[in-house]
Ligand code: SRM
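One chain comes next, on its own, written as structure tokens: the form predicted alone.
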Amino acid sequence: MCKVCGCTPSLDGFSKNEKIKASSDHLRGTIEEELAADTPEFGDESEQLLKFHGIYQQDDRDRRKEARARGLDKHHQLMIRTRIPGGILSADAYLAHDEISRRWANGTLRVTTRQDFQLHGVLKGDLKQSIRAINAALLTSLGGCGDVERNIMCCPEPLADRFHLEVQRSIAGMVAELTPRTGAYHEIWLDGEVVETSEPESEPLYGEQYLPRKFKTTVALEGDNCVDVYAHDLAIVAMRGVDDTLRGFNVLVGGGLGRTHNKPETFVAIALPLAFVQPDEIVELAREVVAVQRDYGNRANRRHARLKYTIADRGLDWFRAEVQSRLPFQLQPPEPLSWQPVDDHLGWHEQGEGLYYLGIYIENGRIADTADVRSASGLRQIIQELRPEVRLTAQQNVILAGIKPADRHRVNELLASHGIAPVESIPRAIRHSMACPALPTCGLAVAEAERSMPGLVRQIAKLLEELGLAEERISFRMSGCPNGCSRPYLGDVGFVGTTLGKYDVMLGGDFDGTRLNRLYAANVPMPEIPSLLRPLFEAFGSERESDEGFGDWVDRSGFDALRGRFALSEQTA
């Protein structure tokens, strides 16, 4: 029932998730009651609502087969995703996450491709304490998942000039406007008090059913596409003015990299230019773009519910007109964009005002202590001792900012003592690789990613070195399913899991992340991938034009021509 007018909207033809949201009392459902129950898991409806609170219910799939054989239930656990706008967090907030990971999770921190932290392996009985600790560090998991605006991303470059500060102010305005207003999060996870009021609770932007699907926004800085801006529902490019001011924003819409195997009606897409707006107009524009998707997105079929499908069905001109009809200002035509080679912001850089920042490579975003690399202990000691600001990157790496010149030697010393290699010593193929978590925790994974990518990319790095191509900037991205969390469809080379041990090999994207790649070979067993790529790399080395990247060479050479030259079998073609 609608709490404003008392009516009961019809949900005929809507998906199951829509009905769950509509009857949830603004995301409360029975989460609080189930949280108090002496059971290791939440029910199906609560499992869906928990996502809005930043929580995924998972199980350890490595132990699933053994449990089934012994007649036991799944080994249930929770993943918590903290929302960190722009990937910026204080030293205290980083250390709080580090402590949570050791007390209640699996001892690791996972940096995501959307500049969040994920805490894996949290048990139900420890869930409330973990979320309370996150909020005590002045962060939240509300909106980390679910059918709402997700974490708003931004280039993590920690410069303190006027341009960067004005961009951060705009992001803060969007975060405030697009965050759900429900009191459920506070009631369930924090003080447990229900605020009594005669006014009915409402979600002024999201309504009773929130959005049809998740909604992703990112902000790139003119010339620097380190955040893969084209992959998002709402893609915003901050444009520089004179005297290092923020001149305005180019806005693109309709990007999205999720699809479903063997479902051709699902597809990946890059964002399309919509408009140019002034700095003080971006928050209202963002709100109305979200509102149009709220009103017109597909609520019957979740596979067809992202903004890219709304635009594909109705057209970009229709979408622009509908957004314009809701705004008090005139949208200006979008400006052309150009990009410099992507900077992953690794290594030492001058920050300004006599300070430095250091970008540290974290393989596949997993901050952990292993036999060879103790990144968890090393980062903990540096941050405890020197108190830098911490920034998470869209490539799953970590930046330590605000470091004094006198402390640089100490930082390098601590990194070396914990086996954390300087970026200059990391082969480019490894440095420019990414993989999603996949197995054993992700319920959607059909193949390995994070656990398999290190071995594969090292074989590829060795191959490139043999061919004299070790210094080439080639991006390699692996996803354990077609949903594309590691953005494999924008890489020079993408590996998309199809079943255990096999991957679709995608080629022809570009290093700058502006063009989708395409399927080159299907269902390739992992051990065969290096031999599949070798003749392509050999031809690239001899045929490339000056400054031509691998993906650009593939695109220029043509897929059909390359398949013919290298005689792909029917099974893989």
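Everything numeric in this text was worked out from a predicted model, so none of it was measured. The first residue of the sequence shown is number 1, and the count goes up from there.
Below: the form predicted together with the named molecule, not depicted.
For the candidate set Leu109, Val493, Ala235, Ala435, a heavy atom within 4.5 Å of the named molecule in the model of the complex is found for exactly one residue, namely Ala435.
This chain appears without its partner; in the model of the complex, the one residue of Arg299, Arg431, His345, Arg487 with a heavy atom within 4.5 Å of the named molecule is Arg487.
Note that among 157-165, 383-391, 452-460, 254-262, the stretch whose heavy atoms approach the named molecule to within 4.5 Å in the model of the complex is 254-262.
When contacts are defined as a non-hydrogen atom within 4.5 Å, none of Met174, Glu288 and Gln324 contacts the named molecule in the model of the complex.
Mapping the unseen interface onto this chain, Leu444 counts among the residues with a heavy atom inside 4.5 Å of the named molecule in the model of the complex. Contact annotation: Gln58 falls within 4.5 Å of the named molecule in the model of the complex, judged by heavy atom distances. Among heavy atoms of His97, none comes within 4.5 Å of the named molecule in the model of the complex. Among heavy atoms of Arg213, some come within 4.5 Å of the named molecule in the model of the complex. For the partner-free chain shown, just Arg306 of 298-318 comes within 4.5 angstroms of the named molecule in the model of the complex, judged by any non-hydrogen atom.
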